[in-house]
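The chain below stands alone and is given as structure tokens, in the form predicted alone.
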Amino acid sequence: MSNDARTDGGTASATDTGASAGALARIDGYRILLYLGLVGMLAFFLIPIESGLVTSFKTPGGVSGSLPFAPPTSSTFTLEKWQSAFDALGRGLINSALYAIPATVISALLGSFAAYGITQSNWKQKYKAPLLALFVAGIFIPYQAVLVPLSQFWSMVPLQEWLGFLWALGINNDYVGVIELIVTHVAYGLPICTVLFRSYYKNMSEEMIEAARLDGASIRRIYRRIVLPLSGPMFAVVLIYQFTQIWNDLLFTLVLVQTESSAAAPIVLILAGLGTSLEGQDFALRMAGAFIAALPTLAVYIAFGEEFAEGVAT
């Protein structure tokens, strides 16, 4: 091999090495910027949570005498606010669960039924399209637009009389508001549940459904044996979404239950007045109450997190 060839080979190798080093430097620069951006976003979202959490463990003097995000010292640390918040919100936790869990499960099941009928049934398309349009339109009805009709509707329904046998058993008749909340949240959550399930069922194998039909399976048997077992990921998505919306809703609660002194008052209604007095705001108590109120939704996310990620991906 000539000296010129060796020289050219060496030059090409050096050029390739330089180009690779430059590319690696650019990649490392992008990676550093990406990590810095992620750390900044993480801090942006976590600092308010950290501030609320450390505030809940401070005495009144610690709250007023330190920065919001500064941890409590040994002299300002207390668990009293958490105990007080639990005592104040215990009744509300039970009442919220009484309507949030049934309303979530019922709306998810009805949404699955409706979506299955719209996507997998043998109806003609001219019937399916208007029905789907009604469900989609229901998603865009704001809460504020139905408050007056909602209150008028429940004032005309004699639930107090129909459920007289419950009040005879010693149950406080204020709990009629819990039943009203269940029905209201089911009706209002049904459109979004149906649309979510429809998007999932549209991607389901048509060959599998058709094979079941050819084997003589009825529409109910196909749903029970094939569609329902495969709907776990979307059920997780719908359950998390619906439970979070229902648990945190204050507007319908204010209309149907109205006052935190009611025996059926849910946690969001009690939380709204927690730590408020003529002396001012008890920020530590309010922060402790906010974290207690958030624990059930956090538990639901943890319980269905894996299925939720799978359902969102599909």
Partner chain sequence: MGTLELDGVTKVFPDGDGEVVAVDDVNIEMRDGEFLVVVGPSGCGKSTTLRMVAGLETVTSGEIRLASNVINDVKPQHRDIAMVFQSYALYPHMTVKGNMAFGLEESTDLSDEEIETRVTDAAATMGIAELLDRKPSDLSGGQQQRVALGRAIVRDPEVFLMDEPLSNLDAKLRSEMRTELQRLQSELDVTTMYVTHDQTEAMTMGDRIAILNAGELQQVATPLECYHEPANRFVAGFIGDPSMNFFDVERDGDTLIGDTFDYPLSQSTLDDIGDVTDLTLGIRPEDITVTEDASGDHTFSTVVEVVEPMGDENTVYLRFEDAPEGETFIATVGGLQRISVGDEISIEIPEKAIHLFDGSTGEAVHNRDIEE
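Predicted, not measured: the structure shown is a model, and the values here were computed from it. Numbering follows the first chain given and starts at 1.
We do not show the form predicted in complex with the partner chain, though everything after this point is about it.
Exactly one listed residue, out of Asp87, Glu207, Glu80, Glu161, brings a non-hydrogen atom to within 4.5 Å of the partner chain in the predicted complex: Glu207. The contact with the partner chain in the predicted complex, taken as any heavy atom within 4.5 Å, belongs to Ser218 out of Asn203, Ser155, Ser218, Thr73.
Exactly one of the stretches 235-243, 96-104, 171-179, 207-215 approaches the partner chain in the predicted complex with heavy atoms within 4.5 Å, and it is 207-215.
Using a 4.5 angstroms threshold between heavy atoms, Ile226 counts as touching the partner chain in the predicted complex. Using a 4.5 angstroms limit between non-hydrogen atoms, Val195 is distant from the partner chain in the predicted complex. The shortest heavy atom separation between Leu166 and the partner chain in the predicted complex exceeds 4.5 Å. Residue contact with the partner chain in the predicted complex: Leu230 places a heavy atom within 4.5 Å of it.
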